[in-house]
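The chain below stands alone and is given as structure tokens, in the form predicted on its own.
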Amino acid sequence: MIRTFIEFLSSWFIPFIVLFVIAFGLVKKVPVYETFIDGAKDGLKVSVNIVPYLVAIIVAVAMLRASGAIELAQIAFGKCLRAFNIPVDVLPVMIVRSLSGSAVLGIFSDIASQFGPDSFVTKLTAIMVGSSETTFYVLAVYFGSVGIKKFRHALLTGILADIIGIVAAVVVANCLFL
């Protein structure tokens, strides 16, 4: 009963919001269609402005994967990671998460299919994916779209938050799943 109601509600929620916004605009005598078109034009301008930043991130992630740098990092940091009960297979997520959400989801998908959904590695990776942010993507896209070029403190804060998210993910996974 409740599930049916929630499914019904979720299927009509977005159309309701769209109709509500249109009706509200009409009541307030706002030219809804013209305002929508103006917003679409602004969105297109923002999209054009952020394309170089997105290309830079995509190239950086592709270079990391193709160059073998991630595999070298796994070899270099393997003993240290195992000392903290962190599987070496999680290292690519730790490296790429700050750069690209879609790239880390691809890595997560590989880990989940390789180790299975109930493995410690998959669970730890899932927690890491959910507890960190794509710091460089956010800086490139959001700061780039409004023309901010000096984001030193935001970068340091984002990296620190990513590190704290990774540490918290390891602690939580070790407490819950070992």
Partner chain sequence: MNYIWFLIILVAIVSAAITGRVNEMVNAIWSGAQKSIEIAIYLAGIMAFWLGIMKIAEKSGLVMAIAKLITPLAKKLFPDVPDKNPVIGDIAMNFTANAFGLSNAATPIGIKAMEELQKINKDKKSASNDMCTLLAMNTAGFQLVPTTVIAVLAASGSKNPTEIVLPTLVVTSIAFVSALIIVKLLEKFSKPQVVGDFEEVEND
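Everything quoted here is computed from the prediction, not taken from an experiment. Residue numbers count along the first chain shown, from 1. For the two forms, the rigid core is made up of the largest set of C-alpha atoms that agree within 1.5 Å on superposition.
What comes next is about the form predicted in complex with its partner chain, which is not displayed.
- Residue contact check for Leu176: one or more of its heavy atoms lie within 4.5 Å of its partner chain in the predicted bound form.
- Within this chain, Val88 is remote from the site of its partner chain in the predicted bound form, having no heavy atom within 4.5 Å.
- Using a 4.5 angstroms limit between non-hydrogen atoms, Cys80 is distant from its partner chain in the predicted bound form.
- Its partner chain in the predicted bound form comes within 4.5 Å of no heavy atom belonging to Ala76.
- Residues are counted as partner-facing when one of their heavy atoms sits within 4.5 Å of its partner chain in the predicted bound form; in 32-46 these are Val32, Thr35, Phe36, Asp38, Gly39, Ala40, Asp42, Gly43, Leu44, Val46, in sequence order.
- Remark: with the core as the superposition reference, the CA shift of Leu156 between this form and the one not shown stays below 2 Å.
- With a cut-off of 2 Å and the rigid core superposed, Ile17 has a Cα displacement that reaches or exceeds the cut-off between this form and the one not shown.
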